[in-house]
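So this first bit is one chain, no partners, the form predicted alone, shown in structure tokens.
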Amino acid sequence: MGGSDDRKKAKATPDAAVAAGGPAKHKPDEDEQLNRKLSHIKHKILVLSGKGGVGKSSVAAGLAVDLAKRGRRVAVLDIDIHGPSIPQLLGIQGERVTGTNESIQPVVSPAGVGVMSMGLLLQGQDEAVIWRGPLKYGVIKQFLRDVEWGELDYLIVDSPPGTGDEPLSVAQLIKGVDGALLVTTPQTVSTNDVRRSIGFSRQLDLPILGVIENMSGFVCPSCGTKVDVFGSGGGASMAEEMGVPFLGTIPIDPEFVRACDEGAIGPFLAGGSPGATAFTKVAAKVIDRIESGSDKETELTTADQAGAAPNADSADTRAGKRRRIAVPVTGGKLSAHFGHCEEFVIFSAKETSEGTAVEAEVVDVLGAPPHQPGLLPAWRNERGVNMVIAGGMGSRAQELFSQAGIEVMVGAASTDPKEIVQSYLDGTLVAGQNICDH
């Protein structure tokens, strides 16, 4: 994936129309060129985080190096336009890409990982990129279309925090993304933001490979005492509640911090420290999920990828699964019509062969969107809801829920919502007619 020094330096801006602030002029064959380029890449992974400062880029870089050490052909596309850090992490800070007017050669790191990043196009570390959305979309598309990635086993896309232009652009441009890796730290302020990334992934039909809890405790190298600097277990609890896989924890490791600063992640992973061991375990799980064909959120939650519920009639199918059931409530009882209620109560139910525990989470009606077609299904999907139990619901609303992958049961009696959910889970709920069909 390297290039000769006598090649012209690759242009640092996307097509001229985009550089001027508007959408790029569409070339008739550019979509074909993009798809042809991506067809040589077996697996594409999008690394997301809802919040900055959780170590997402270091996790992406560490995963790439570990995959390369296992003999996979790997490249990283850094689409953090405003704060590119992958060149520093992979030891190629100050390097510049080469290419021609038609193609760009990525820079190859000492670990053998190909890299494309805005950081490889800037003149210095102090240079700021001040761009609006259309410009960022244009350069991301150009990176995917014009970079000579070659034959790859994995392309890891490192995104900026949040659910804005950059991750949305990549999710729309790359067809057949294997899935998203979501990076969080244990504390609630971080896991709450990752929930939004899960909602983002579900709305875009982007499979979720799993959640990684970074900075999960610190083990003193002198005495061996573990200190949970940012708390503990938040990532695992959130993943279970949202019905997505949890891939493991990565501790705070001073050696890893030093390796990132020095661009020497490869030697760090070979050292066998707690952080290095954690990385290898996470990488192994990612490989297993993708290369074994179980990359659609897990066998446990395949239906939940799009918010769909598993078959409620089979105890074997339900055992061990997390369900999120929404019930419209008025006056403390199930509402006759789901769209005209005081509040929604979301029941989080972990079903096991030993029994079912039901926990209720009340969502205030003020936090719900207006009662407009198409808004409520998306609102529920963002919260991981995979089923709605209501007294009545119009046929059009049921169709919209079905399209969003959310199961609907109507005809439930106007009684205590928790009793209704428990009866449903026990298989004893008897539904009557649809109370309201408008």
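All figures in this text were calculated on a predicted structure; none of them were measured in a lab. One rule holds for the numbers: they count along the sequence shown, beginning at 1.
Only in words, not in the display: the form predicted together with a small molecule, which the text now covers.
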*asked:* So the small molecule isn't shown here. In the model of the complex, which residue out of Ile252, Ile346, Ile198, Val329 has a non-hydrogen atom within 4.5 Å of it?
replied: Ile252
*Considering Ala64, Val54, Leu46, Ala390, which brings a non-hydrogen atom within 4.5 Å of the small molecule in the model of the complex?*
Val54
*Are Asn35, Ser103 and Leu144 jointly within 4.5 Å of the small molecule in the model of the complex, each by at least one heavy atom?*
no
*Give a yes or no for Phe246: in the model of the complex, does one of its heavy atoms lie within 4.5 Å of a heavy atom belonging to the small molecule?*
no
*For Cys260, is any heavy atom within 4.5 Å of the small molecule in the model of the complex, or not?*
yes
*Hey, in the model of the complex, does Trp149 get a heavy atom within 4.5 angstroms of the small molecule?*
no
*Classify Thr98 as contacting or not contacting the small molecule in the model of the complex by the rule of any non-hydrogen atom within 4.5 angstroms, answering yes or no.*
no
*If we take heavy atoms and a 4.5 Å cut-off, which stretch out of 109-117, 209-217, 69-77, 236-244 is in contact with the small molecule in the model of the complex?*
209-217
